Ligand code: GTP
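Taking the form predicted on its own, here's one chain by itself in structure tokens.
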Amino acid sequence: MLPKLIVVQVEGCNFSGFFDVHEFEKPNDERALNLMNACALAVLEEFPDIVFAYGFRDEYSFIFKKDTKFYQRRASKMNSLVVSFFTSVYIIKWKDFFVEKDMRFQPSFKSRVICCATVEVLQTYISWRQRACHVENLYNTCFWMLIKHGKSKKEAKEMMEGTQKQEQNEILFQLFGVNYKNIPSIFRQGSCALKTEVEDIVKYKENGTPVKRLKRKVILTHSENVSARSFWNVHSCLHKELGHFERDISKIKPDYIKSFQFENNLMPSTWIVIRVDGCHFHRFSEVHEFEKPNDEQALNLMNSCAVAVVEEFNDIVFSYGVSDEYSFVLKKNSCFYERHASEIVSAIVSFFSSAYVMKWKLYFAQKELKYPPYFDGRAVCYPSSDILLDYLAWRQVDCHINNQYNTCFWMLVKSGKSKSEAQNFLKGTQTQEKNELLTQFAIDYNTLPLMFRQGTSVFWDKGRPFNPAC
């Protein structure tokens, strides 16, 4: 609800393991951080309503302008679109930063929406995240310096136990001659991505005088204190789009900030359905020249991603997909992420997006992925097996209706009609009339591949069909 400020916090799933497998440098891998920053910049470029972002390690917080109407401020849309796009960009840009390293298993992220009631709450949130960056980095720097100089992980952990900031600084300086303040800003302070206004020459007058206009530009910067008025006021777009900071913050109460991290817990003992939909996939299919009305390779790619999701998340017992959408059914007694809607949706959408990008070349070996695909997601609870079956039947009926219409539409277009003529020709036609139309093109609709007409189901084969009463 207005006037709350909206933050989408994105965080890596099992990134400690991801770091180990890819042998990232400890305590900080600069290339890995630069990759995260590149993803953040891409998010700001893609979504005009996001005006500021702060990140460190495997986390980034994206802040929307205060009067945003992005997808009517629907939390699930905002949450899933940001994490999905971030995930796709992470994989696409991997080789820009790790030329010699292949991605050995697919990364994914989870996210949540945090509503800040006032600009003061936002200021406290930003300060809290930057202090978390400092505390974690100082500890990790000491920990890994001890290990690099011969301590075991157990010994380093015991030596660090109970130490405070001053003691950790002394360990670094006295034992290793390291002045923590001389460590690169990107490690100590985290990174900020924001939009600023710069003058851009759009044309020249006849006398050679340049005509200038203000243009939005996304930049990356670092600051000792991101939540300070001095930083905020330097960048006019921040206080214009988000509000003014009246005073600097001296103390932070994390519990106060966490109270704004409202989690919508899904109803217990119900079937949870996570529905994933491609975002702007009409354009995506045109840019990548998918075959109309159905591209078998594109559908097989979607199906392969669904298989990967079912294999990754044990609580998913069934999934059904058609075109650019997939519905994943979690078992009734699932406690996945304590049934927190945002984390369940974001984790599944992110993993699906990750699989889509990583598997692209398996299905389109001759086609370059021209820009990052992304998906949105939502969670719906169904209290009974009968209602769940009604939902799945609805999606399959929708598959049939859409596919039959699209088959007719594209056959008319291929025969020479314009798109508007084909739409007008099909307006008001029923199933039988569409089937008769297709016979004119020597097509018996009922003999088209089942995948086109009925969609695809993915589930674990245990020697028996899926039973929603189980």
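Position 1 is the first residue in the sequence shown; the rest follow in order. None of the values given here were measured: they were computed from a predicted structure.
In what follows, reference is made to the form predicted in complex with ligand GTP, a form of this protein that is not presented.
- No atom of ligand GTP, overlaid from where it sits in the predicted bound form, falls within 2.4 angstroms of a backbone or C-beta atom of the displayed form, which makes the pocket open.
- Distance criterion of 4.5 Å from any heavy atom to ligand GTP in the predicted bound form singles out F290 from the list Y363, F290, F336, F85.
- Distance criterion of 4.5 Å from any heavy atom to ligand GTP in the predicted bound form singles out D295 from the list D200, E263, E120, D295.
- Remark: of stretches 111 to 119, 168 to 176, 381 to 389, 319 to 327, the one touching ligand GTP in the predicted bound form is 319 to 327 (heavy atom within 4.5 Å).
- Taking the partner from the other structure, ligand GTP in the predicted bound form has no heavy atom within 4.5 Å of any heavy atom of P373.
- In the predicted bound form, at least one heavy atom of H280 sits within 4.5 Å of ligand GTP.
- When contacts are judged by a 4.5 Å heavy atom cut-off, S285 counts as touching ligand GTP in the predicted bound form.
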